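Heads up, the chain below is alone and in the form predicted on its own; it's given as structure tokens.
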């Protein structure tokens, strides 16, 4: 197993449904000798990425908290995007949740969110949680930004993993071309029943991220006029954030 892969393979065993593992359980799951897993675990513990827990198990360690803080403080997209996201939610003047998301391997990940105080619903998108690549407006405007070759590779991995070809590639390309022309995407109930996602693409060249800015609202309150207003709000906000992230703006500001 390559040096880095042996660490990440162990770490990716941990999930919301299983947050503690023994070395023997890891060995069985990975089909790797227990002695090899133990050496990897020992090194991860030494660096704080794992920590011993009860009954000879291990849990994720505090090193992730340290790096999460550094990411929040140093990632330009998160630094500049969070205040704009909060302002979008405020200007929406309705009960809603705002999302700032980016492409992450074969998924889309929310890196920041903001909600109206007292919001009575919680979308499945939340900070740090990988989400399906082919579902929802938040993902769709990200996919629409990708070159055709990369898009096809991602699509093939997605359909192979799900063992289904529910959408032919050319059909997907035509749909995403329409999204690019419109400059936004709207989906209803694809991720969460009763909720509507409205998303626009975000150009974030300085961070190297393929990203999107979204609002999630309840379907029962969304009429045509409100939909139009929210689309315009998102487009103008994404343009402002893209300008803030541009190399020329950063150079002028001395950042």
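All figures in this text were calculated on a predicted structure; none of them were measured in a lab. Residue numbers count along the first chain shown, from 1.
This protein has a second form, the form predicted in complex with another copy of the chain, left out of what is shown; the following refers to that one.
Engineer: Quick one: find which of 89 to 97, 75 to 83, 115 to 123, 136 to 144 has residues within 4.5 Å of another copy of the chain in the model of the complex by heavy atom distance.
Structural biologist: One stretch meets the cut-off, namely 75 to 83.
Engineer: Of the options 203, 222, 44, 30, which one has a non-hydrogen atom that comes within 4.5 Å of another copy of the chain in the model of the complex?
Structural biologist: Partner contact (heavy atom, 4.5 Å) among the options: 44.
Engineer: Consider residue 36 of the chain shown here, and say whether it contacts another copy of the chain in the model of the complex, taking contact as heavy atoms within 4.5 Å.
Structural biologist: Residue 36: no, not in contact with another copy of the chain in the model of the complex.
Engineer: Within 4.5 Å, heavy atoms only: does residue 109 come near another copy of the chain in the model of the complex?
Structural biologist: Looking in the model of the complex, residue contacts with another copy of the chain include residue 109, since a heavy atom lies within 4.5 Å.
Engineer: With a 4.5 Å heavy atom cut-off, would you call residue 105 a contact of another copy of the chain in the model of the complex?
Structural biologist: Contact with another copy of the chain, yes.
Engineer: Does the 4.5 Å heavy atom contact test between residue 19 and another copy of the chain in the model of the complex come out positive?
Structural biologist: Yes, residue 19 is a contact residue.
Engineer: Quick one: which residues from 4 to 39 get a non-hydrogen atom within 4.5 Å of another copy of the chain in the model of the complex?
Structural biologist: Stretch hits, in order: 4, 5, 6, 7, 8, 11, 12, 14, 15, 16, 18, 19, 20.
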